[in-house]
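The form predicted alone is given below as one chain in structure tokens.
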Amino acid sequence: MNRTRRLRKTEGIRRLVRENKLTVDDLIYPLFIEEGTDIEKEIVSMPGIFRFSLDRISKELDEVVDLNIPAVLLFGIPTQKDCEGTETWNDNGIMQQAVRFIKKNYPNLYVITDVCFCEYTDHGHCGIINNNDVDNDATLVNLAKQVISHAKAGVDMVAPSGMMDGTVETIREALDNSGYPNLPIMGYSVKYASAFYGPFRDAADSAPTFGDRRTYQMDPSNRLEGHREASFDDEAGVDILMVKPALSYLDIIRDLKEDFDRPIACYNVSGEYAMVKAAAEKGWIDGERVMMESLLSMKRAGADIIITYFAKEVAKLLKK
């Protein structure tokens, strides 16, 4: 008789035959940096996650570095918004200040910037509005301005999240032509119009004032379309392909892992984080075990990189 339980008998043998392992090297930690001073504000729908001003961010960054988390993904929250999100290419904007601050004070921490407009526009959409919809090609012009400003500030990688057609091609060309051919791009290549983003809109003040984002983010029903989107980014020279959200889209992560010879990232988004936190707070689940099981499922599906608000908690557990 085949007895597969022989290899489950003790923790020692389980460790030896374990097929997938979660390590701190897999993690990227998102950070919300708000323009202003003396800001350290917990996000109500995301317990344990805060918005910081630059004068209060060092405590958080010290912990990230101490835990050996290799990278952070920055989201900026400006004081000034307008219809185009012009603060995104202000060389002294909050994102640019944050990049310079971190690279000066934490030079070994890898800094990635979210490249989008929703936190910076007064309407909350991811680009220029024309006839009550985002004007794709006009938005691409501004995306090029934004990434060049981030590059000048010293960012290590840019991560465009707006799902405009032609994004990676536009950004790659802009970077190459401006003297930044070695700056990598992590594309939000397969990003769905998901209900799991709800708490993020509290975190970044980015809820649309009208309509929704279904004309540019993907329909959750579609799988083959995700492959097409990833193909376009792959052909345009993206360095890392990302799937967002993660937990409800493990099949998409697996598709990309099997079909593309590039690192695959996934974003364990705010709603996925908040659900675990809320259920754990109620005592309905073991929060730590569910957290680790969920993230391990992303690794098992094929993710090489996981962007997660759990990064610090995971790193602490792995150090034990």
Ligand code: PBG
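In this text, residue numbers run from 1 along the sequence as written. The structure presented is a predicted model; accordingly, all values stated were derived computationally and were not measured.
Below, we turn to the form predicted together with the ligand, even though it does not appear here.
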Q) Among 187-195, 101-109, 168-176, 129-137, which stretch has residues with heavy atoms no more than 4.5 Å from the ligand in the model of the complex? A) 187-195
Q: Let me know the one among 295, 269, 57, 276 whose heavy atoms come within 4.5 Å of the ligand in the model of the complex, would you?
A: 269
Q | Triple contact flag 77, 81 and 202 to the ligand in the model of the complex, non-hydrogen atom at 4.5 angstroms | A | no
Q) If you check in the model of the complex, is residue 149 within 4.5 Å of the ligand, heavy atoms only? A) no
Q: State yes or no: in the model of the complex, is some non-hydrogen atom of residue 161 no more than 4.5 angstroms from a non-hydrogen atom of the ligand?
A: yes
Q) With the partner left out of view, is residue 116 within 4.5 angstroms of the ligand in the model of the complex by any non-hydrogen atom? A) yes
Q: Please check if residue 244 has a heavy atom lying within 4.5 Å of any heavy atom of the ligand in the model of the complex.
A: yes
